[in-house]
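Before any questions on binding or motion, here is one chain by itself as structure tokens, the form predicted alone.
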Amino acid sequence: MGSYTFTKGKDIKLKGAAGDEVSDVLSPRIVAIQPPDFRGLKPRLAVAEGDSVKMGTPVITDKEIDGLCLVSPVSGKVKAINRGLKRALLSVVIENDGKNTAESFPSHAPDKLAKLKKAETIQALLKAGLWPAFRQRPFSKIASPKDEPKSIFVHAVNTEPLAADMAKILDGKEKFFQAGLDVLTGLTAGKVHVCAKSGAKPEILTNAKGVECHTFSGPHPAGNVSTLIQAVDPINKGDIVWYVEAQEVARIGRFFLEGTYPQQVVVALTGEGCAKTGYARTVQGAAIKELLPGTQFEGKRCITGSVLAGREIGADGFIGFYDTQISVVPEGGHRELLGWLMPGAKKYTLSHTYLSAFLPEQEASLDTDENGGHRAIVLNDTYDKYTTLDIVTYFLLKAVIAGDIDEAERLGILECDAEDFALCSFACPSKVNVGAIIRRGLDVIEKEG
């Protein structure tokens, strides 16, 4: 068992943390399957509007990975198929009939899971629509079942603003989580690493059987997947590492034990824009409005995921496949006359520009304003204060912008992802979206092979 502590980074303490109350929204009226959630997926529709589906029925298949599919988390009818530019498939909306009629799959005894053959396990996960839970580094895309991963990481620590408490996510699911870990051990000749927060609950995160458990502490981004991998089992050129979220491990375990598609997820409802924060036990892909009754969405931004690395979905949006958090924050657009001249006792600052930097830190109320204009990037040490990776961010950024792929690889771009630089974007005095540039570089490298 390894224990790792990081000092670089910053915890952004926002208003609107989730409380302890857990509500049940187990039969949402509509749910959605959203292909943009799945990097690397080449979607092909397997249903048409008006088709009836069961819980676990394939709705979307992949054009390249044979057998890969996305399935319906509820039973009902396909209500709408939404497309965007160039007819890109954006979502398939399913109207829930509340019956939970399910496709049936083989179930397994707990003591048999670790003995399953790899090919048998992969086929079961593909058929059940659970394979997309596995992502790989480099590129953070859906893992290929044909690859041999160096190791598998279970991501059970989240340091992002207002992140969900893992104790709430896994409450009552310890048996399923261990079963999922047993399944994972058969997918790699290497090790399965469970990475949790120091002092994490439930205790299975630090004493699970058949795997290596590690604990991490420090400010964000100490809990990012890239940080965990670089600390425990760094990626070298040609290596492939798989990673999967802790909640998905529990869902995988439940699937193998019970033989039905595991539709339920736990999501944190966060942000000062929520009428009532807390947690919701719900169904994968549930609509935001059904999870946040009483919330007035006008003048607010709805995000699936965290405010740093999440995706804006609007008031009519749905939970992302990999997300355990919904964030609702105030929209910006309010100009303050000569605000830069004010002492700013209540203004948030990372650069000691305002008086608040010298006062006891309190929960901040932040909107979506950038608070400044875009400028040229200036060489300084700001970026390296807010990333835990052993990477010189400024020069990596410069290599990507210049299109120097070889230099970007030498500087470690294959070890990271856009989320690792979200704090850099937040702190950047030039208002540069650092993560978007890194993501663009990764896309170019992947495309050119």
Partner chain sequence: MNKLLAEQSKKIEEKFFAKGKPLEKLYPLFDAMDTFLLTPGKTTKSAPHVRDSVDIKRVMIFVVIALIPCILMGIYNVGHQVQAAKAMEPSLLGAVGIGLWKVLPIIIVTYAVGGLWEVLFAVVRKHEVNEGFLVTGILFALTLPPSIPLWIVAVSISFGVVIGKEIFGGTGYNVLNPALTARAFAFFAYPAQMSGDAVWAAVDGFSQATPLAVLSQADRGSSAVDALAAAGYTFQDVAMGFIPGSIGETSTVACLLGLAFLLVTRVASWRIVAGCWIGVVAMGLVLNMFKGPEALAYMNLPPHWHLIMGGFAFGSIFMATDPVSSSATNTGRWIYGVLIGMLVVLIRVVNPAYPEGVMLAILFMNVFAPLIDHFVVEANVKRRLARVQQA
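Residue numbers count along the first chain shown, from 1. Keep in mind it's a predicted model, so treat the numbers as computed, not measured.
Only in words, not in the display: the form predicted in complex with the partner chain, which the text now covers.
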| query | finding |
| --- | --- |
| is_contact(Ile391, the partner chain) in the model of the complex, heavy atom dist at most 4.5 Å | yes |
| Non-hydrogen atom contact Pro219 with the partner chain in the model of the complex at 4.5 angstroms | no |
| 4.5 Å heavy atom contact, Thr368 to the partner chain in the model of the complex | yes |
| is_contact(Glu336, the partner chain) in the model of the complex, heavy atom dist at most 4.5 Å | yes |
| Residue among Glu290, Asp239, Glu174, Glu95 with a heavy atom within 4.5 Å of the partner chain in the model of the complex | Asp239 |
| Contact assignment for the partner chain in the model of the complex, among Ser104, Gln123, Asn82, Thr353, heavy atom within 4.5 Å | Thr353 |
| Segment assignment from 278-286, 125-133, 255-263, 298-306: heavy atom within 4.5 Å of the partner chain in the model of the complex | 298-306 |
| Residues from 352-380 in contact with the partner chain (non-hydrogen atom within 4.5 Å) in the model of the complex | His352, Thr353, Tyr354, Phe358, Leu366, Asp367, Thr368, Asp369, Glu370, Asn371, Gly372, Gly373, His374, Arg375, Ala376, Ile377, Val378, Leu379, Asn380 |
